[in-house]
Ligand code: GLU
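Just one chain is shown here, as structure tokens, and it is the form predicted on its own.
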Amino acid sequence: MSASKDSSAVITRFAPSPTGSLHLGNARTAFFSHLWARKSGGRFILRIEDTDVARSQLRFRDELMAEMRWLGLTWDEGPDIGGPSAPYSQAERGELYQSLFARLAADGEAYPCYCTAEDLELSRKLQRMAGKPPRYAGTCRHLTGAQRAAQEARGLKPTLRFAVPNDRIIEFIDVVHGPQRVASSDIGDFIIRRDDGTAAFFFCNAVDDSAMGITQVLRGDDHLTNTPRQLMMLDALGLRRPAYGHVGLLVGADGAPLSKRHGSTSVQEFRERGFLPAAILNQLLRLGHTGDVDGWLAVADMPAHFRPEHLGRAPARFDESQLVHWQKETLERMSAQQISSWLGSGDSPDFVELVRHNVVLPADASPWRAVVCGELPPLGKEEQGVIAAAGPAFFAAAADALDQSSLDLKQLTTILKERTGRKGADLFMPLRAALTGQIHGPELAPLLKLMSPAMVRHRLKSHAQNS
């Protein structure tokens, strides 16, 4: 993608956790962030959030980066190419986080918490019973040094909690949702360092956005409630605030969260099925974003048509039938050579040109290969009806006419019309059903020329005997 530079250049990022495949919803977030950076002539940064050591895997990171490259979402800074804010893997940024933890603790902005999972669950249960919203009760906030030493003598490893200020209003303007005001009294003290010493999402996500100079953070609106917490931490550390925008989540056509029951959900699955990057991006561009062009767009032209102010709050419904539409639009704009490479089976140029308007995915070409040089599957009910209505005599006459016409459909049908009196659909439909096993598909004349005379004769004679 390319876009002209201007004075409103922004720096955006995509910060996935390498714990699984690249989900379509996350791909959309990366895409929008990429578009915004390219539109303004800014920079797009890839950061890997892998502080969850138990779940993070290098193979997921590599697969995720491969899928992003396949989509065309290239980055200007990242774990593989470096940059001024390196390292771009949070697992390598622990020294920075520890120094900031120490600063917050020294300033009284954070404190060790020894509450166990059982303690926290009991506290939440009691709060719910009292009709109060469950939040951390501040149990360990005012422990004395002696009390902390006693807890550690029991072998308890503390988390580190941020001490939320009392009676403060956190304000920010969300790019999508507009002005936001949240009372700190509605937020309980929250964990910024796990009991194993690693940084929690709330903390390292916000710190790195500031440290890397991110100007615009785009993410799903399930993170909207995280923002006040992160802004309080940044303010306590004296770090610059980025701007935030929270877009509506991606859901299935039924309005439920996108999941396996809706079919494919990862970019890898769509790629393996044969969907094209331009088709996927054309649909993603219209999911939660209203542009100024309704028709198909080349990927290189998309940044110019991205409108950050037109990002949507409502959930965006993904419907694979719409993706099929953009797949067809993309295929229409591809050369026969490109389609041949996409099909990946070394098909002849004549075959590719013949089937290009009758396939959506590479697997759709297989039945037509069988028509040209393989075995036809059993006939469907509709095809059986057409064959039965024509009768054995029709196909016997067609087999005889083949000897005089070879594989020239015009000559074949002319002779057959004279011998049987059939014309129009009554003439062509039985031939198509017998020769291709289907009553719809590519033009029959060029398809016929790709078949061997022996195969055509065998198919016609089989219906002359068995109809």
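Everything numeric here is computed off the predicted structure, so don't read it as measured data. Note that residue numbering begins at 1 and tracks the sequence as displayed.
Another form exists, predicted together with this ligand; not displayed. Remarks below refer to it.
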Original post:
With the partner removed from view, which of 322-330, 219-227, 363-371, 73-81 is the stretch that lies within 4.5 Å of this ligand in the predicted complex, judged by heavy atom distances?
Top reply: 219-227
Original post:
Out of 342, 201, 172, 114, which one falls within 4.5 Å of this ligand in the predicted complex, going by heavy atoms?
Top reply: 201
Subject >> Contact assignment for this ligand in the predicted complex, among 268, 85, 205, 215, heavy atom within 4.5 Å >> reply: 205
Original post:
Might residue 63 be said to contact this ligand in the predicted complex, defining contact as any heavy atom within 4.5 Å?
Top reply: no
**OP:** Flag residue 16 as yes or no: does it have a non-hydrogen atom within 4.5 angstroms of any non-hydrogen atom of this ligand in the predicted complex?
**Re:** yes
**OP:** Check whether residue 67 has any heavy atom within 4.5 Å of a heavy atom of this ligand in the predicted complex, and answer yes or no.
**Re:** no
Original post:
Does this ligand get within 4.5 angstroms of any non-hydrogen atom of residue 400 in the predicted complex?
Top reply: no
Original post:
Can you tell me which residues in 42-57 come within 4.5 angstroms of this ligand in the predicted complex, by heavy atoms?
Top reply: 49
